[in-house]
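Take a look at this one chain, the form predicted alone, written out in structure tokens.
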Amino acid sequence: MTIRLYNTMSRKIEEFKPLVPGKMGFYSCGPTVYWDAHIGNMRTFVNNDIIKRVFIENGYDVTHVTNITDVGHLTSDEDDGDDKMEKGAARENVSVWDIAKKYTDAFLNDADLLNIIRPTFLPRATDHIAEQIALVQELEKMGYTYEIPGNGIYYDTSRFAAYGALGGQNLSELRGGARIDDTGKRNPTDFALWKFSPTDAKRAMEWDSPWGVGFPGWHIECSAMSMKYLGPHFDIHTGGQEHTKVHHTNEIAQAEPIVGNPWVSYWVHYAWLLLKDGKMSKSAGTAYTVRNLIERGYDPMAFRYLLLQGHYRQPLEFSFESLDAAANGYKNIVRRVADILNTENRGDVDTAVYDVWHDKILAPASDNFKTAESLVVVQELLKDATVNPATKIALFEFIDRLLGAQFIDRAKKLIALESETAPAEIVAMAESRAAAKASKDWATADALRSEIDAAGWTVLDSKDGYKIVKKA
């Protein structure tokens, strides 16, 4: 099936044409591991996962690289402020290396909870200092760099005619690149390739280089590691929308003088997950993590389902009300899949019917990753009584591969919970509750329900009575 996607560079939706037939290589900017990734960050990584799954289900062999920024860079695109890794180490009174390991592990755990397929390669910046130095040396030989004494090695953006093309701006409109002190910079957009360590203090993360002891600018790692693992040219580069005008613009400037134009065929950028009052904030206590959601009783798949209902190029507002709605919608699908799995006479998979529904579900996802439209077709499938259970189960196996929503996994767990027999004391409380309801003693009925819930069971009422099930 043809895959179409929006290319930030061309500002239009294009048909995907691979550099190598049947293969797709893509690089996605990864986390800076100085603190937990919040759910806004995780939207980016779920979007990466969706892209990967769509290509896999269309028969592509996918090579995916995500970097781990575990090196001590500074706090903004301009590289001013405090070192993020050292700031994290001071906050928790441990070493920067301990901080890097702790939050790398936390990120990977959160990704696993959201059923994100691990990248083919997960390179760490600190393991690739030599490659970053080598890339700066290549640019130096070509005349793209200059030294600011006592500061660092900088990239001269005036040498690169296409600078700013990704962001669609004139050079004069662009923000400054890596900036601690503008003194000595030739152009406001010039950025650091290698920073010198201060002479009056030792940094926790610093390395020898041809220019002196220091550390890399944060843009250089992505150029160096993507080319190491994907070659001089690759298909797709992804990241949050905030990277378009500086970070990714600088990556292009570092790579294309060496490898030629275009370095990357398609640039894909994701909109933010927002609160009603704007972006999530650690200082305001609104930077919720996946584990925070679990602590509040939510299945991580409910959050993934919420993200699937949006589109990667549009901002998505997060609230616990919207998450509640998504959780209910997700549970309803899981319930219906469980009922299908419980069907005794499933029949055989009807391949002709399977193929029709398969393509109806895959087509929207392949058209610029419109997963919300795929979910609409999933609902239509559930309602179609002419499709037998065996065919629906086979289709949901495909749906789970495509969307990563684990409908079948959760349905099987629901069946297992419902098959457990409640102990006698829980059954007795449920009977007493039913009697209280019959006599309209609502206070007693509610109190008994709370006791049952506290004991790890749930009473599901229906027109035929009630059922006691083990809580997930």
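The first residue of the sequence shown is number 1, and the count goes up from there. Being a predicted model, the structure only gives us computed values, none of them experimental.
Omitted from view is the form predicted in complex with adenosine monophosphate, to which the following refers.
(request) With adenosine monophosphate left out of view, choose which of Gly214, Gly240, Pro123, Gly164 has a non-hydrogen atom within 4.5 angstroms of it in the predicted complex. (result) Only one option qualifies, and that one is Gly240.
(request) Name the residue from Leu273, Ile153, Ala255, Val337 that puts a heavy atom within 4.5 Å of adenosine monophosphate in the predicted complex. (result) Looking at Leu273, Ile153, Ala255, Val337 one by one, just Leu273 meets the 4.5 Å heavy-atom criterion.
(request) Check whether Cys29 has any heavy atom within 4.5 Å of a heavy atom of adenosine monophosphate in the predicted complex, and answer yes or no. (result) Judged by the heavy-atom cut-off of 4.5 Å, Cys29 is in contact with adenosine monophosphate in the predicted complex.
(message) Taking any heavy atom pair closer than or equal to 4.5 Å as contact, tell me whether His311 reaches adenosine monophosphate in the predicted complex.
(response) Looking in the predicted complex, residue contacts with adenosine monophosphate do not include His311, since no heavy atom lies within 4.5 Å.
(request) May I ask you to state whether Thr63 is within 4.5 Å of adenosine monophosphate in the predicted complex, using heavy atom distances? (result) The answer is no: Thr63 has no heavy atom within 4.5 Å of adenosine monophosphate.
(message) Taking any heavy atom pair closer than or equal to 4.5 Å as contact, tell me whether Lys185 reaches adenosine monophosphate in the predicted complex.
(response) The answer is no: Lys185 has no heavy atom within 4.5 Å of adenosine monophosphate.
(message) Checking a candidate spot here: are Ser95, Trp97 and Lys101 all in contact with adenosine monophosphate in the predicted complex (at least one heavy atom each within 4.5 Å)?
(response) No: none of Ser95, Trp97 and Lys101 comes within 4.5 Å of adenosine monophosphate in the predicted complex.
(request) Among 240-248, 135-143, 194-202, 292-300, mark the stretch whose residues have heavy atoms within 4.5 Å of adenosine monophosphate in the predicted complex. (result) This holds for exactly one stretch, 240-248.
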